[in-house]
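Before any questions on how it binds or moves, here is one chain, the form predicted alone, in structure tokens.
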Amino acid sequence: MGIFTTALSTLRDVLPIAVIIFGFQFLVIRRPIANLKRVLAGFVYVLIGLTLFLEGLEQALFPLGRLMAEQLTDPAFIFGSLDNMTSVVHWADYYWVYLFAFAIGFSTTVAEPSLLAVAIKANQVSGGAIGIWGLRIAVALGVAIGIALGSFRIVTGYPLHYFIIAGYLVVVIQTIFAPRLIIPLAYDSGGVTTSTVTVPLVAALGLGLAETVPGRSTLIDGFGLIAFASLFPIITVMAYAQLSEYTARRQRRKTAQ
């Protein structure tokens, strides 16, 4: 019954999009849709793919993220055994949590379909000036750093707004000095990370940490990781462009000499 419920939910979510597209095409533009059979077949493929994907996330990835958070914060794992357990757990004792958060943030972002679509379009529009893999890795590094730092925030209990305000101050300063070509793309790169692959695992990790770290509130501390996943890719993409510009400038100077 689960997959049929997911299919109906997916159909309900996709149907308004189809209604708007076909409505504008027939009522406003008043032209027939080219390759109508192909378009309809594409919608069917989208429904099937999204249904299977969402069901897979619900059955596997979401529980797995929560399970990993529970296991990595288990005192028996942190101290090796319960006999070695101390009364006070230091934030540095959770280093495996930070490493896992970094790795899962990087890997899920590289696999993000929306990021791949944006990278391909950016490469085409820029005439190859923006590399597909360069952009994907820059965004993935930003998400990885953001998720690791967000996990550190949950463990320590520091207020979320301190990190977000400081991060956006860095973004504002970078915007002044970064190449104009990359600024809009960098801001968009922060949005494409909050999509179908990244969000379920990141949310599961945050909630799992908040439930298992002593003294943390699931509602207050469990959420907020997705904000880190949206913020830090903006920083890393602009940093990538600034570093590329600096390297190219140095190369031109060496050639001129």
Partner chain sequence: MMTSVLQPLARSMMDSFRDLLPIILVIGFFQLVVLQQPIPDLFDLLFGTLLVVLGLTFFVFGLEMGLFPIGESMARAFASKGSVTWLLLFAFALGFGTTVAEPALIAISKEAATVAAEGGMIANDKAVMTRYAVNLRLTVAVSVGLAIVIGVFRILKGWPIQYFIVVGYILVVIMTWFAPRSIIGIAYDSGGVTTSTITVPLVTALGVGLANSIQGRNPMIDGFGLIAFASLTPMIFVMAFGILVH
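Whichever C-alpha set is largest while still superposing within 1.5 Å between the two forms counts as the rigid core. Numbering follows the first chain given and starts at 1. This is a predicted model, so every value here is computed, not measured.
Note that the form predicted in complex with its partner chain isn't included here; everything after this is about it.
In the predicted bound form, its partner chain lies farther than 4.5 Å from every heavy atom of Leu149. When contacts are judged by a 4.5 Å heavy atom cut-off, Phe24 counts as touching its partner chain in the predicted bound form.
Contact annotation for Glu211: none of its heavy atoms lies within 4.5 Å of its partner chain in the predicted bound form.
In the predicted bound form, its partner chain lies within 4.5 Å of some heavy atom of Ile165.
Residues Ala111, Pro113, Ser114, Leu116, Ala117, Val118, Ile120, Lys121, Ala122, Gln124, Val125, Ser126 of 111-128 are found to place at least one heavy atom within 4.5 Å of its partner chain in the predicted bound form. Relative to the superposed rigid core, Gly206 undergoes a CA displacement smaller than 2 Å between the shown form and the other one.
Positional change of Asp13 between the shown form and the other one reaches 2 Å or more at the C-alpha, relative to the superposed core. In the core-superposed comparison between the shown form and the other one, the C-alpha atom of Tyr45 has shifted by at least 2 angstroms. The pair Leu116 and Val46 approaches in the predicted bound form: their C-alpha atoms are at least 3 Å nearer to each other than in the form depicted. Pairwise change in the predicted bound form: Asp221 and Leu57 C-alpha atoms lie farther apart than in the shown form, at least 3 Å.
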